[in-house]
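One chain comes next, on its own, written as structure tokens: the form predicted on its own.
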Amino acid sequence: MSLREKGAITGVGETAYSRESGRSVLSLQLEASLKAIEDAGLKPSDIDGVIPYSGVVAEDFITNLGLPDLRFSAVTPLGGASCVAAVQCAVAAIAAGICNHVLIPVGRNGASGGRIGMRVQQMPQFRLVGEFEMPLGAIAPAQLYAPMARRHMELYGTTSRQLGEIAVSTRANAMLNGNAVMTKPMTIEDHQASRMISDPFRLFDCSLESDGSCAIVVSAAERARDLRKPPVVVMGVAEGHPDSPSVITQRPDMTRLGIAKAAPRAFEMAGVKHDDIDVAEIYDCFTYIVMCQLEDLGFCKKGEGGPFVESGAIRLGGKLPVNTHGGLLSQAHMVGMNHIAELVRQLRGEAGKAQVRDAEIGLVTGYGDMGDGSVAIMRRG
């Protein structure tokens, strides 16, 4: 059974993003969830499925939102690939007839809640590198992922300035967003002057750590048509895991991510080609991860990602506008759920100053852990 157009995103909600929320993760998620439910034109009692993120459980939402009959709950522990993978999970549950409206909330105190290195060490996905690589000093994602970028540079001549183009174009988009943490203009020279974190990653190659929450509602396609706003229909969705999924340095090809396996399945399910994509929200924990995904998705050949981004293709007005909200690099790190929310707004025509003209079909990705990937292709309903 294909999941093509079995579900649609009907509601999105976000809190303000900051570096110090002063609130619990649960309270942030409840705020975003209520906003998403209201945006869909639903009541909390209509929600019969929940896919919570780390730190909270389905029972928290039953208790606090007064859900009378939750029929489905699950988790999708793929790090930054979790949110798009959760869309696939929700659509599958809907297509199976289990539920009609699935709430997918994400929230975190990533800035005020402790260092990323400490959090990583507690995650089971990082158990193998925790045993063999962290004792040698690779304790944070920048250190774990940097060898992939360096390998790409050695093989294909990719430059730091090309990575900087991703940071600069993303910042320009964030400056158009009223709910972005980083809105100061950035130039390539600013990027090049930022301090080295883990070669070749400079400070401005790295995503933010943020406090806040974002939530969406996924509804059965036939019910979505009757709700408050035009539905954003899920045409194709897939997840993929890389070879050697637990350790990057032992991978046969360090420049190939799990999304390389997922992308062909998503495009086939959706029945579209790359030229049909009007806007893309690409998971951007680091600039290099954006470039590598663009290659693995098939928007350019392997090794040509540097010239592709350097050409201006990913800027607003370019061939493929990318991360029109400012992404994890400049808006906020919400594990990629803010990418999904932005794609929904783009396809509804609600993206304000960053609106891509006549956007009808878009793509959103997730990247997590050691290279897990997820991708969804959606259209205006």
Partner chain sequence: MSATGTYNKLVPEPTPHSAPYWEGLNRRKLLLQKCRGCGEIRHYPRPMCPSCHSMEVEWVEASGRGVIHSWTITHHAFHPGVREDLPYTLATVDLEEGVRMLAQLRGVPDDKLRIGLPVRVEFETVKDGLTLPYLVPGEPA
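None of these values were measured; they are calculated from a predicted model. Positions refer to the first chain, counted from 1.
The same protein also exists as the form predicted in complex with its partner chain; that form is not shown, yet it is the one meant from here on.
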Considering its partner chain in the predicted bound form, find the one stretch among 246 to 254, 157 to 165, 185 to 193, 225 to 233 with heavy atoms no farther than 4.5 Å from it.
246 to 254
Let me know the one among Arg150, Arg265, Arg71, Lys302 whose heavy atoms come within 4.5 Å of its partner chain in the predicted bound form, would you?
Arg150
If you check Val75, Ile197, Ala92, Leu176 against its partner chain in the predicted bound form, which one has a heavy atom within 4.5 Å?
Ile197
Would Ala221 sit within 4.5 Å of its partner chain in the predicted bound form, counting heavy atoms only?
no
Is Leu136 near its partner chain? Define near as a heavy atom within 4.5 Å, in the predicted bound form.
yes
Can you work out whether Glu131 and its partner chain are in contact in the predicted bound form, taking contact to mean some heavy atom pair no more than 4.5 Å apart?
yes
With the partner left out of view, is Ser112 within 4.5 angstroms of its partner chain in the predicted bound form by any non-hydrogen atom?
no
Sequence order please: the residues of 64 to 98 with a heavy atom within 4.5 Å of its partner chain in the predicted bound form.
none
